[in-house]
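Only one chain is included here, represented as structure tokens and corresponding to the form predicted on its own.
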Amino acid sequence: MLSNPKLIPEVQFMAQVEQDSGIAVSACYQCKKCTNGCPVTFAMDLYPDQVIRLVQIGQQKAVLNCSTIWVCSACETCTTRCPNEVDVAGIMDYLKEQAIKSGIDIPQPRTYAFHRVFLEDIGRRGRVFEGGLLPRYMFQSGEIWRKLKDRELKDDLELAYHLFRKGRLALTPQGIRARAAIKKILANSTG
């Protein structure tokens, strides 16, 4: 018998993940192409291939409590590189949602704040409006107070001004025509 309760496999976990997400996690044969292409492995506690393997062997607690799922930038490099077309980025998103639903303490609260603000922005107008996204993130994450205290906010404001002057930062948001389709996609997201 295993002495560490975190190591007890939950045999139905992979089947549940595959059923809920529609992603064939069982197709992964651990070639590690996802990890080798990932630009943020330096900040992860588990590599993408390890997360997938832990899902395969039923290590739900280990996966939902790791910081990797929150560090993942959803760039989809892993998904693109997978020879078996496993949507690794999609699994990371699914695991985030499950962690939230399970009430697990999020090891990357600022990342979660950005994730939430980003999805709200997409849901609101179908695309991101950087001019509103960053201030909302700063307030919701509490970063505004740290930057004020450390006197870093002045640098951010100067950067925003330079971006605006070069036409790289819009003052007004733009939407898309297919907002209803975006809302439908995000309807099941707990983000």
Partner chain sequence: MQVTYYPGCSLEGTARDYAASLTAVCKALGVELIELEDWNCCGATAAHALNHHAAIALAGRNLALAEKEGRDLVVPCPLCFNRLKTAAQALTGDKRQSYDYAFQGDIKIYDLADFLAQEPLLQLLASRVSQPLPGLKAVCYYGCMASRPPGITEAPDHENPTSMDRILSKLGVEVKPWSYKTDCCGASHLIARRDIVFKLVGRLYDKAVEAGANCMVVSCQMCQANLDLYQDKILRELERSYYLPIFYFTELIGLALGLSQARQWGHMHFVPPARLLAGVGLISC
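Since the structure is predicted, the reported quantities are computational estimates derived from the model, not experimental observations. Residue numbers count along the first chain shown, from 1. In this text, the rigid core denotes the largest set of C-alpha atoms whose superposition between the two forms falls within 1.5 Å.
Separately, the form predicted in complex with the partner chain exists; it is not shown, and the next lines address it.
Open item on the list: Against the partner chain in the model of the complex, would His162 count as a contact residue? Criterion: heavy atoms within 4.5 Å.
Closed with: Answer yes; at least one heavy atom of His162 falls within 4.5 Å of the partner chain in the model of the complex.
Open item on the list: I'd like to know if Ser102 sits close to the partner chain in the model of the complex, meaning any non-hydrogen atom pair within 4.5 angstroms.
Closed with: Outside the cut-off, so no.
Task: Any non-hydrogen atom of Glu10 within 4.5 angstroms of the partner chain in the model of the complex - done: Because no heavy atom of Glu10 falls inside 4.5 Å of the partner chain in the model of the complex, the answer is no.
Task: Partner contact for Asp45 in the model of the complex: the partner chain, 4.5 angstroms, heavy atom - done: Result no; Asp45 lies far from the partner chain in the model of the complex.
- [ ] Any residue of 58-91 with a heavy atom within 4.5 Å of the partner chain in the model of the complex counts; write them all down in order.
- [x] Heavy-atom contacts to the partner chain in the model of the complex: Trp70, Val71, Cys72, Ser73, Ala74, Cys75, Glu76, Thr77, Thr79, Thr80, Arg81.
Open item on the list: After core superposition, I'd like to know whether Tyr47 moves between this form and the one not shown (criterion: C-alpha shift of 2 angstroms or more).
Closed with: No; Tyr47 is a residue whose C-alpha shifts by less than 2 Å between this form and the one not shown when the cores are overlaid.
Task: CA of Asp121, rigid core aligned, shift of 2 Å or more between this form and the one not shown - done: Comparing forms between this form and the one not shown, the Asp121 CA shifts at least 2 Å.
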